[in-house]
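Quick heads-up: the structure tokens below are two forms of one chain, split into structure 1 and structure 2.
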Structure 1
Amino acid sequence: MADKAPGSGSNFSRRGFLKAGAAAAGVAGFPYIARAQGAKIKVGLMLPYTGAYAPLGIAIENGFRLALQEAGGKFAGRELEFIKVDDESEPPKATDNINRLVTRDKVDMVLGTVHSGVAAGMLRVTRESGTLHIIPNAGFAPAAGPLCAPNVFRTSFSNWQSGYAMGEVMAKRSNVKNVVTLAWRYAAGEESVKGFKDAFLKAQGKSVVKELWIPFPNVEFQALLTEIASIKPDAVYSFFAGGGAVKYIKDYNQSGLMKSVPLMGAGFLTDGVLEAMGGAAEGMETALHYGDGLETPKNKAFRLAYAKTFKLQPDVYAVAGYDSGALFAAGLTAVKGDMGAKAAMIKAMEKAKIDSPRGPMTLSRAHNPIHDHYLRKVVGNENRVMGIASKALGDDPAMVAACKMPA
């Protein structure tokens, strides 16, 4: 489950944050460090560099560095100094790691992270210190709800969004009336299923006949697949990722269900793991804010530049890192590189219109992305974009209402 909203009753405000940026002394224990305009801006990269999520952390950093490279190696004429911390995807270590960056290294901005539990721990510190914080992956709902803050921005997604987009697609299909959901029982799975239900159940005559859950990170699916076969729904909606998704889809395919009960889900079900599935996901449909072969000039240029620079193919994580760089650059450009001009910088970031490889991206009042979600179909080793599943999709209204962003 997601962490309970830490500090949701805090007196932290936009005014306090801006005052901290303008004055020599800010929030208690976290003084604002005035730096010469020509000094390097310190960027703390708190990302996973070891363990299962290491490829995601590397892709995010690569994307951010590509944005910097395309800007000529500087944002608004300012050079950046990177200070890296491996968060190891370990929530218990989050507080010590983020405090190291904020209090010891006195970074101007933090980019992180992938794991939602780690990101929640980071927010306990960055919300109180006022340190600019860009989240390039963690999709947990409270970041754009009770944990929203003027200095916190997310450039990736919320877990609710791709579920909602797929729910819209399935709601429009006359041959899909009764659905079973199956997901890991943890925050990301629960939020994804909620998004799906919020959209799917709006349509008349639609029902979720049963919600099936499996503890995270358990991958023993056979009993659940047998139950699905006995229910005989029109389709199944699922949320899994990484190795768990590979095992699930292989098991689903081997059970014979793929021929009679279509399996659909959030894009993370098939993103980055198609080669490992060995064709088991062929023909599957998912929804996500990015996909292979997205035919836009920006995406083509991005993919070419990324492959040339890093000798790797970019993915949705690299896109989020790249857009984090673009968002940071938009804020710095508006204040001509003056990190002390907090009010103007935040205002510029809030109003930024990012020309992203994913398509146009703006930010909500809660600083969560508003962006198109695509319907993708597995063709070979591609999540091929088939069309738009949901246009300019914002965040869960329940979370938006819970965001008490100060004026």
Structure 2
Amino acid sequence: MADKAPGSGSNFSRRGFLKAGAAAAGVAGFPYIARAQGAKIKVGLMLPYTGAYAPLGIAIENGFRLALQEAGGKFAGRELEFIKVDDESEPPKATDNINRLVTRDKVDMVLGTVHSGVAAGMLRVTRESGTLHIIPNAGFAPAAGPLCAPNVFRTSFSNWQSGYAMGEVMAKRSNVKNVVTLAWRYAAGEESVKGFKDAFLKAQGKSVVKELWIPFPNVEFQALLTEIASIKPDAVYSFFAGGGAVKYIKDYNQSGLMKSVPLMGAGFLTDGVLEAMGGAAEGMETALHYGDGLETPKNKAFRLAYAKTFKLQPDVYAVAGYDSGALFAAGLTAVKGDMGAKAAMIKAMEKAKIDSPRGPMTLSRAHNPIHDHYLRKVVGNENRVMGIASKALGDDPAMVAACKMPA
């Protein structure tokens, strides 16, 4: 592996990368190609494989592997080698974990992660090293705001987006005026609730009567549900995901609130977890950039292939893993598999139009997806798509403005 070629190594500084990028794409890149083309590209998978978000991490890896399998096991003629780290969705462990991949294993690209707090730790390292970093879930707002960087891409969403889309839906409902929010108190929950409020409170006569919070990954909901029952709002807006969402919706259902106080939220509440809930979410409405019942040829083919390969049903997390593969492949193809030509690779990734199972996806200047958000309703084990909640939704304008991407 020609670590010393300009622009080739994972462990060279962001400033160095910005300067060297153009050179690496041209003549200086040639010796690097000659030595490196045979070597496998090292991909670091920093994902949760234990804890509340473990199923999400597995789905992301599966999705990425499916994209590779469909490309014939190689991207742009290059084989990949995977190095896996279980980040446990533990922010305090993030720095050590990402350093292992970037500094010790010298990965060419890192795919991670799910939890926004862990992603924040990863960014501190990848922004500095210049290592190509694809975020396949964490909606951490600053990643596509003040912390945006040329080498950091997100194929998933910002947490603000689905909150905003659901806020738009609920703002139009004349029978929904007073809302309580309840979410995990960490970046993802806070940003999701902000997105919801940004849209919902724009409409006349709407108010958030109480914001309730519970620390991640706690799932002791009883006292909070009792409080909701006593407030009697018109609806509740929530952000939870994975195992936490399963417990929350089961508890909400059991408390008897489901009929009197509709529970709505970001689609993570019901994505990938319906079977585990055993019908407790029936009829729930959520907004997300994906719905398993999306009737497009691309989605149908994706779902079939995923189910056949992994004997599991895909979800929004699998889609992000799959699209991360597509985005990485688009970059590598543009440079004929030469990871040393980083600037050209990044340019191609920026321009990529991903034919995603979610529908068309492009990236903003801050490298965050611009995509339709759907209103979905739980019918049996499906998040059925009822219509578009928000067309080609971009990100929180405050984050867009805060991203100062070097030209």
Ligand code: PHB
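As the structure is a prediction and not an experimental result, all values here were calculated from the model. Here, residue number means position along structure 1's sequence, counting from 1. Think of the rigid core as the biggest set of C-alphas that the two forms share within 1.5 Å after superposition.
One of the two isolated chains is the form predicted on its own, namely structure 1. Relative to the superposed core, residue 220 shifts its CA atom by 2 Å or more between structures 1 and 2. Once the rigid core is used as the reference frame, the Cα position of residue 152 differs between structures 1 and 2 by less than 2 Å. Core-superposed comparison between structures 1 and 2: the CA of residue 198 exceeds or equals a 2 Å shift.
Core-based alignment between structures 1 and 2 gives a C-alpha movement of 3.3 Å at residue 273.
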